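Just the one chain here, the form predicted on its own, laid out as structure tokens.
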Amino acid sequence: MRVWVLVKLSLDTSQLRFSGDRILIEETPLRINDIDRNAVEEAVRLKERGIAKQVSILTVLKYPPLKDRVKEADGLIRQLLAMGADEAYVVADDALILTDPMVTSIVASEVLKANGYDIIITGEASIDGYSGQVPAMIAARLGIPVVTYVKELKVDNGIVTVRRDLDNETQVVDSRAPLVVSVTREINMPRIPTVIQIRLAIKKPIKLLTLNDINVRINKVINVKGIKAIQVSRRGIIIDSGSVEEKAEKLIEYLTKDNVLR
């Protein structure tokens, strides 16, 4: 089986740079989307069990400045290659900057169709956008099943059996490959590569592609002008006089005035 892992290099939400209430995207570093490490770990485990013959990483760069992000991506992707993945594909093009999940699914689907696939593993969502839409979009474009929120995955004779978590129940689902699987953090604990694995990863191929290389043209439906942070501030009102009943009445009065209570 050929297993792919779709990885997003997200904005590092713990190191956001600001100018007033505007997030400075160009100055905020990238990081490997946390849950995508779990996806890579699961793919490598399939390889170790002899189920996957090859594990490929696929990422679509979406944040400016493109030239700097390509260099940044090289170091981040090699962390995943050190975990045991065999190769990586990075799609980088000016036309992809700040595009929406639909565009990601179009680009990823074309790369997958051109190279062949059996199981496509993703994280359930990204730490910055957290739309959770891309796995289903890719499956729809490829015309294959998708199973989401997977916390356990087994493969036997081409049958993929997963256990998935929902709000009020756990489901066990069987499906034949090819299919798309989005996993949760609970599925495993991602390994920490050894020094030797990190050195070996330097020799593994990272293939840089543009939209021309995959014969894709993008018409932007959404144009992002900027991203602003939500400003949260306290009212700073202290009720320190009166009896307990009077304080409670005063609190209700303030909450009603602010439309918290109606």
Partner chain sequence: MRLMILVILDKGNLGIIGVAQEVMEATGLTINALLLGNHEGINLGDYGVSKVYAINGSGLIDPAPLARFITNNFNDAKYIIMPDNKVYRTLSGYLSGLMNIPVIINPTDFKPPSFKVNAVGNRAIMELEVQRPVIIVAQAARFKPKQYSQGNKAMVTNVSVEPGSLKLINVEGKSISNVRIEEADIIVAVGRGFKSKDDLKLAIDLAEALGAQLGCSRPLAADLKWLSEEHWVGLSGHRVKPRLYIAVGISGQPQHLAGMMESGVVVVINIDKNAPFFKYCDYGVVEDLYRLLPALTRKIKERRR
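Residue numbers count along the first chain shown, from 1. Fair warning: this is a prediction, and the values are worked out from it, not measured in the lab. So that the term is clear: the rigid core is the largest set of C-alpha atoms that superpose within 1.5 Å between two forms.
Separately, the form predicted together with its partner chain exists; it is not shown, and the next lines address it.
Mind telling me which stretch in 64-72, 51-59, 216-224, 192-200 gets its heavy atoms within 4.5 Å of its partner chain in the model of the complex?
After filtering at 4.5 Å, what remains is 216-224.
With heavy atoms only and a cut-off of 4.5 Å, decide whether residue 19 touches its partner chain in the model of the complex.
Answer no; every heavy atom of residue 19 is more than 4.5 Å from its partner chain in the model of the complex.
So, residue 127 and its partner chain: in the model of the complex, are they within 4.5 Å at any heavy atom pair?
Although its partner chain is absent here, residue 127 would touch it in the model of the complex, with heavy atoms inside 4.5 Å.
In the model of the complex, does residue 115 have a heavy atom within 4.5 Å of its partner chain?
Taking the distances in the model of the complex, the answer for residue 115 is no, it never comes within 4.5 Å of its partner chain.
Does its partner chain come within 4.5 Å of any heavy atom of residue 205 in the model of the complex?
No, residue 205 stays farther than 4.5 Å from its partner chain in the model of the complex.
If you look in the model of the complex, which residues in 235-262 sit within 4.5 Å of its partner chain (heavy atoms)?
Sequence-ordered list: 235, 236, 237, 238, 239, 240, 244, 245, 247, 248, 249, 251, 252, 254, 255, 256, 258, 259, 260, 261, 262.
After the core is matched up, is the C-alpha of residue 250 off by 2 Å or more between the shown form and the other one?
After core superposition, the displacement of the residue 250 C-alpha between the shown form and the other one reaches the 2 Å mark, so yes.
Is residue 19 displaced by at least 2 Å at its C-alpha between the shown form and the other one when the rigid core is overlaid?
It does not reach a 2 Å shift.
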